[in-house]
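Here we start with a single chain on its own, the form predicted alone, put down as structure tokens.
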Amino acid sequence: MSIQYIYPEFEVIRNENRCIACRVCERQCANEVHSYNEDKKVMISDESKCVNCQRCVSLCPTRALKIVKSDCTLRENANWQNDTIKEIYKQAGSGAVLLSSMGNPKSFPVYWDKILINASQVTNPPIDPLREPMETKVFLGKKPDVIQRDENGNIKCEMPPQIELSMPVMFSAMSYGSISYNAHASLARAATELGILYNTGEGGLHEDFYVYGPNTIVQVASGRFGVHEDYLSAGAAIEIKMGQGAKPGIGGHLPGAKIVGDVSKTRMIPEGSDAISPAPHHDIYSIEDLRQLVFSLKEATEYKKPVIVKVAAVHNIAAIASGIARSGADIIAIDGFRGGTGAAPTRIRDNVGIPIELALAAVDQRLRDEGIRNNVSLVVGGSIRSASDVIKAIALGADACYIATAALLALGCHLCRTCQSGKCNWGIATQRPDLVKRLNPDIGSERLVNLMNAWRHEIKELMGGMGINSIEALRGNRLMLRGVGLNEKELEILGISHAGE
């Protein structure tokens, strides 16, 4: 038996007085942590397999289980911390790149939490959203710089293609294959009921979901999986994925084990073959090349659909966005370094990219300075966790926000961060039929609708407290924000004053 250098991260605590050996935990655990000892007639646990997904804890009928973090640690060392040492043990044993899922868990600054929202008091009275009109509707796409009139003095109302949203939030890209059929069904149904959009991700669009086309963003990534004329025509908008926040500068990889059945058919690749999207689009090496693809997609859809370009937040994002705004794109989507993912190299997820708050402020200001802000709408994502984050993002210059992790949490995700294993006990990040069916799309869509309706109410209350009655009046209104605990450079980039000023 080889030496086990790493003690299990979690311990399963079973109350023997409560446990009735019903074996629910055994049946529910895809990681095979729990089993029944026939000789002793008791349940036993292999803690080395536990990922703390909390499925067994949630479904134990007698509350006999709890999962706790192990207190067995290596000797303290400020430089060589426990996680660092354990990662070296893993790589020494496997010779492989470390993979992780979901967003960056490191303790970098969360700027949303260092930004406060201003409120109206006497001179600019608040607005009561229960009794007075409050507009949360937004339109995404190119806007004219000035009002134009015809020879009779009537306003010209012709506009480039727009996305209409009932509120400034959309469900971000998560591909069919990385998440389950039932998860996609939940997102599509909820988006349709709410009057917002969801994004297919780079895995194509399952034939069952074409009915939700008016509330769908179809994505074109470097692998071109599932991309064909009907697919491009099905959605309300087309998104070109150049990068994502969790792994800037690299492509995507869906293991062959997940390329089964309808996933294979939808992506138009053989079953069992790895779906690899290279980091670069091999037809895009400049803004001019990007412009060619933008207009190819517009031509293919008769100029009826806005085109989005999605990029990761990196240090020169303002210059990149300036180029994209001149490429013919209608919308720029920027994904910050805390964005979620089904799988990414750990080192890249935890060390590459910049916070979305700083990227957004820098891009909005650059586009305004160059007089091209109306050329594009800005959509931002990368750990938008609440209605207050949405409000702060809009005040920093966003037109709308993407959410993904928050949506998965609404579906039951417990952030155990093992999506790459394909053993999601909550039926979300898996293709195993026995696990997929654990997520009921009727319940899932209802929970998503509830979450968004709650956020909509909070958005109205927050705007009302500021004395603002529309999202449009809030966009880029940085006077309504104040910073706490930020240095001068951070305040300068964000374009806000410190609290008390």
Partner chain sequence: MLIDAKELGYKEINEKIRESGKECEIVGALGQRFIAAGMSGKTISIDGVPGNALGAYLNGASIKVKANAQDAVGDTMNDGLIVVGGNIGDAAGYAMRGGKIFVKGDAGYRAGIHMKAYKEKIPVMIIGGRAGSFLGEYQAGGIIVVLGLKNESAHDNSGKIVGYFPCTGMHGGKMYLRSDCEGIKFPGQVNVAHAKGKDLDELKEYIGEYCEEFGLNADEILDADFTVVTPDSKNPYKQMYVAN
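Numbering follows the first chain given and starts at 1. Just so we're clear, the structure is a prediction, and the values are computed from it rather than from any experiment.
What comes next is about the form predicted together with the partner chain, which does not appear here.
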{"query": "Touches the partner chain in the predicted complex: residue 264 (any heavy atom, 4.5 Å)", "finding": "yes"}
{"query": "Interface membership of residue 278, the partner chain in the predicted complex, 4.5 Å heavy atom rule", "finding": "yes"}
{"query": "Contact label in the predicted complex: residue 223 to the partner chain, heavy atom within 4.5 Å", "finding": "yes"}
{"query": "Partner proximity in the predicted complex: residue 118 to the partner chain, non-hydrogen atom cutoff 4.5 Å", "finding": "no"}
{"query": "Output flag, 242, 385 and 457 jointly within 4.5 Å of the partner chain in the predicted complex, heavy atom basis", "finding": "no"}
{"query": "Segment assignment from 156 to 164, 297 to 305, 210 to 218, 422 to 430: heavy atom within 4.5 Å of the partner chain in the predicted complex", "finding": "297 to 305"}
{"query": "Heavy atom within 4.5 Å of the partner chain in the predicted complex - the one residue of 283, 135, 128, 369 that qualifies", "finding": "283"}
{"query": "In the predicted complex, the one of 415, 227, 236, 314 near the partner chain [non-hydrogen atom within 4.5 angstroms]", "finding": "227"}
{"query": "Members of 73 to 108 lying within 4.5 angstroms of the partner chain, judged by heavy atom, in the predicted complex", "finding": "87, 90, 94, 96, 97, 98, 99, 100"}
